[in-house]
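This document opens with one chain alone, in C-alpha cells, the form predicted on its own.
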Amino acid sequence: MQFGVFSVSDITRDPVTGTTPSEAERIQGAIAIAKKTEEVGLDVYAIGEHHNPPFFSSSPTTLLAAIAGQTERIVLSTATTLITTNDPVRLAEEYAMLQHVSNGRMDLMLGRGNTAPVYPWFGQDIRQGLPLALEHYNLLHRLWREDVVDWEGRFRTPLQGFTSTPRPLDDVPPFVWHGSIRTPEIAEQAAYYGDGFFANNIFWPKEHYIRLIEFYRQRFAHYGHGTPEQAIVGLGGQAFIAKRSQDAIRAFRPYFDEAPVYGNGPRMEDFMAGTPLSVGSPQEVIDKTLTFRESFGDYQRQLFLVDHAGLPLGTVLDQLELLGGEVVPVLRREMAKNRPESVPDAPTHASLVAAKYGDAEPRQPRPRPNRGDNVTGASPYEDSDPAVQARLPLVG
C-alpha cells in the first residue's frame, strides 16, 4: 500500500503570524515538502492544478519534473489534472514527457476541477463539464496506446494521422486515477477503463464516499477487470499531528477557523466527528485512518493533506517527520494484516512493464514522420528507393 501527501497549492495568510507567503516561497516550499516526503519514507507526493489566485500550481508537470530531478524514489502524481479544460493532445505530450524525465516515477489523477471560471478561461462551457471529461479522456487514452490516431469528437478539431510525442516510456502509458467528490459517472469511467478511482474523502461523511467506492468496485467487476475487491482505490484525508492531542488541537485551531475552504463554518470538533479530519496524537491519527479500511475495504493509496490553510513550511516539515516516523509505519503494518493476497498493490511503472513484457526487454518506440510502424521503427518505404528512404529520418 502507498502512503503519501498531496497539496492543493493554496497561498493563504498565516492566521498566527499574519504573514502571507509569496508565490516564490510556496513554490520552493513545495519542492522542499516533496523532498522531505521521500526522506521520511513515504511513497507519493501529489500536487493539484489551479489557474487562479490564491493557488500557484498552474503547471504541475513543470513542478513535478523539477522534483523528479531532486528525488530518487517517490512517485510523483497530481492531486488533480484538469481533463475538462486541458487539450488531451497537450496532456498526452506533457505527461509522457514527465514519465520519461522521472524514469517512470509518476502517474496522474484526472478530475473536472472545482473552480467554475476556469472553463471560459480555456474556451469551454462548464455546463458541458461531464461530456468534456468523458470525451477528452477517451482521446487521451487512445493517444497513449495508438501510434497513429484518426479521431473526431464534439469539443475539438479532428485529428488525422496524428502521433503524440514522446511516446510513453517502454510503450506503457502512465497509470491514471480518476478523482471525484460526488460524480458517479466519473466512477463509471474509471471502472470502464480499468483505471484507479480516487475519492477525495475530505469534506463529506464517510457514507457519501462509501456509495461512490462501492459503485466503482461493482462496475470494475462488471467490465471484467477483476473482482470488486481487486479494484484500485485511493483515498484522501487530512491530518494535523502533535505528540499530545491537546497540543495538536490548540496549534491547529486558528488555521482551521480561518481556512478558506472550511473556515467560519462548523466547530473543528464537529468537523472532526463528521469527516475524515484527524487532529491529535500519532495514535489518534492512526486509529482514525484505520477506520477507512473498515468503511471502504482494502485499498491501495492513502494521501494526507498537510500544507494547507496557511501552515508555515517549518510546521509542515515537522508534520512529515511525525507522519513518516510514527504514523505510517504503524499503518503499513496494520493495513497489511489479513489483507487478501488477491488484492493488488497500487500500480507502478515497473509493475505495468512487468505485466506487459514479463521477462522480455521493453520496447522503446521510434516514431517516424510517416504512417509506418511507430513502435518498431519499420517504414512502409522499406522496399523503396534507398534515396527516398534516406530522406525519412527518425523523429526525436
Partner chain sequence: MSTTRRLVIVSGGTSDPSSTRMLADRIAQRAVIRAAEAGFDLELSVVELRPLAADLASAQVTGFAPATVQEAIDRLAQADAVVVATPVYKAGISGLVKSFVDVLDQDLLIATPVVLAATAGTARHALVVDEQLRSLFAYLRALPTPTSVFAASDDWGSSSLSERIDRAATELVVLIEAGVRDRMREASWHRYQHTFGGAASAPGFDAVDLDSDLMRLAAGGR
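Everything numeric in this text was worked out from a predicted model, so none of it was measured. Numbering follows the first chain given and starts at 1.
If you look for the form predicted in complex with its partner chain, you will not find it shown, but the lines that follow are about it.
Asks: Looking at the partner-bound form in the predicted complex, is R211 within 4.5 Å of its partner chain by any heavy atom?
Replies: Looking in the predicted complex, residue contacts with its partner chain include R211, since a heavy atom lies within 4.5 Å.
Asks: Is L130 a contact residue for its partner chain in the predicted complex, using a 4.5 Å heavy atom cut-off?
Replies: L130: contacts its partner chain in the predicted complex.
Asks: Within 4.5 Å, heavy atoms only: does K288 come near its partner chain in the predicted complex?
Replies: K288 lies outside the contact set for its partner chain.
Asks: In the predicted complex, does Q189 have a heavy atom within 4.5 Å of its partner chain?
Replies: The answer is yes: Q189 has a heavy atom within 4.5 Å of its partner chain.
Asks: Would F6, P117 and F122 all count as contacting its partner chain in the predicted complex, using a 4.5 Å heavy atom cut-off?
Replies: Negative, none of the three is within 4.5 Å.
Asks: Between F292, Y255, F175, F203, only one gets a heavy atom within 4.5 angstroms of its partner chain in the predicted complex; which residue is that?
Replies: The residue in contact is F203.
Asks: Using a 4.5 Å heavy atom cut-off, which residue among R156, R142, R73, R250 comes into contact with its partner chain in the predicted complex?
Replies: Only one listed residue qualifies here, and that residue is R142.
Asks: Looking at heavy atoms inside 4.5 Å, which stretch does its partner chain contact in the predicted complex, given the options 292-300, 90-98, 156-164, 203-211?
Replies: That would be 203-211.
Asks: Could you run down 170-196 and flag each residue that has a heavy atom within 4.5 Å of its partner chain in the predicted complex?
Replies: Contacting residues: R182, P184, E185, E188, Q189, Y192, Y193.
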